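This document starts with one chain, in the form predicted on its own, laid out as structure tokens.
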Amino acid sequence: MSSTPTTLPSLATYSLLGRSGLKVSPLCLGTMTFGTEWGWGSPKETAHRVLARYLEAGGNFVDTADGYTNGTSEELIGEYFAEHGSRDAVVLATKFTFNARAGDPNAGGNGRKNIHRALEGSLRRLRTDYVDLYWMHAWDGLTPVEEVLDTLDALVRAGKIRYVGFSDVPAWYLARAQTIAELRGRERVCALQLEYSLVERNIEREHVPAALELGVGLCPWSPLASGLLTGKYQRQGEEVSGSGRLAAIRGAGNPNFDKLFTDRNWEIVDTLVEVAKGIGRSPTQVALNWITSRPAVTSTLIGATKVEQLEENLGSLEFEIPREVAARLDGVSRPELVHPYIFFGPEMRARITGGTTVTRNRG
């Protein structure tokens, strides 16, 4: 008896973003690489070719931020849609939080004054009247969550933004914000953007369960760990060989990048390269395929400095990882079980349920 083949997702297979009506592609085009101001990235012509190819393949979700390449990323996106049209067919997302004027405390953060300043600048650079998804780029540790919610809700009602997302926030902050929004009738958070990859799985402790519970779509950033999971970097004693963004900014003092070169992470890379070779795929494609199938993940951010890189990324949707391969990847990359999470594992649960099997309905 022949089995029915599994239908694989494509870039034009859309999913609802969290508990909203917004439909997005499984891979989101991240545009932090649009512009060369940071010493790496793509000039206008290349950036526009990457964007055109992504849209041609059926992608509809484009992500940027007001601070990416000092505003050039937004400008290049705005120029593209001004030249080619079709802006309304795209889910266009940008972000606020980071300071735009040194010495001015109100030119950054998540207060009402800065949110309005940031959005006005983004709309001008993007050459649009609205953004589809407006991300809070990071928790500032200062602004009352009620002020953030009220400000974003007012912008939704004014038609300047369509949906609200949080990026790089504590799980408790997301839970508090969503609860307040529900109780007070404010616009709910529909998306959560956090670092997530084979070498960075710590959000599985709190953020993934919170996203599932609160109806929030997870959008991982850096699913290739800034290029570490492409397999192009190798250890040579204490040195690292390989070229790319990670090599260019290593040692620059950014903890998001300096944390990557550890013995644990090299073991993950070695396993990834081995299993990718075994199934005839690149490490890039296997790493992206793995992340897109994780619980709560709706759309994964990918970046490309040239069209060839984008094509390889898109190939991650063309296959399924065999179960035994997925088990190897999961095992080598599983986060350490620390307190209090050890209490939530199957052994302790059995002591709570008396050894019976109890399942939860998330409906």
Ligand SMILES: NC(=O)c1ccc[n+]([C@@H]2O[C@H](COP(=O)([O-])OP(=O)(O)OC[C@H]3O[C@@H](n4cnc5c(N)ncnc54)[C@H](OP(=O)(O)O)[C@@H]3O)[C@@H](O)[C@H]2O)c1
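Sequential numbering from 1, following the sequence displayed. Nothing here was measured: the structure is a model prediction, and the numbers come from that model.
What comes next is about the form predicted in complex with the named molecule, which is not displayed.
**Student:** Applying a 4.5 Å heavy atom distance criterion, does Leu224 contact the named molecule in the predicted bound form?
**Tutor:** Output for Leu224 is yes: heavy atoms within 4.5 Å of the named molecule.
**Student:** Using a 4.5 angstroms cut-off on non-hydrogen atoms, would Leu301 count as touching the named molecule in the predicted bound form?
**Tutor:** Output for Leu301 is yes: heavy atoms within 4.5 Å of the named molecule.
**Student:** Should Asp132 be counted as a contact of the named molecule in the predicted bound form, where contact means heavy atoms within 4.5 Å?
**Tutor:** Contact check for Asp132: no, nothing within 4.5 Å of the named molecule in the predicted bound form.
**Student:** With the partner left out here, check for me: in the predicted bound form, does some heavy atom of Arg186 sit within 4.5 Å of the named molecule?
**Tutor:** Output for Arg186 is no: heavy atoms all beyond 4.5 Å of the named molecule.
**Student:** Within 4.5 angstroms, counting heavy atoms, which one of the listed stretches 176 to 184, 202 to 210, 144 to 152, 226 to 234 is next to the named molecule in the predicted bound form?
**Tutor:** Heavy-atom contact with the partner occurs in 226 to 234.
**Student:** Going by heavy atom distances of 4.5 angstroms or less, which of Met32, Val297, Leu55, Leu329 would be at the interface with the named molecule in the predicted bound form?
**Tutor:** After the contact test, the surviving option is Met32.
**Student:** In the predicted bound form, which of the listed residues (Asn60, Ser333, Thr36, Thr305) lies with a heavy atom within 4.5 Å of the named molecule?
**Tutor:** Answer to the contact question: Thr305.
**Student:** Suppose contact means any heavy atom within 4.5 Å; which members of 259 to 296 contact the named molecule in the predicted bound form?
**Tutor:** Read in sequence order, the lone residue that approaches the named molecule (within 4.5 Å, in the predicted bound form) is Thr284.
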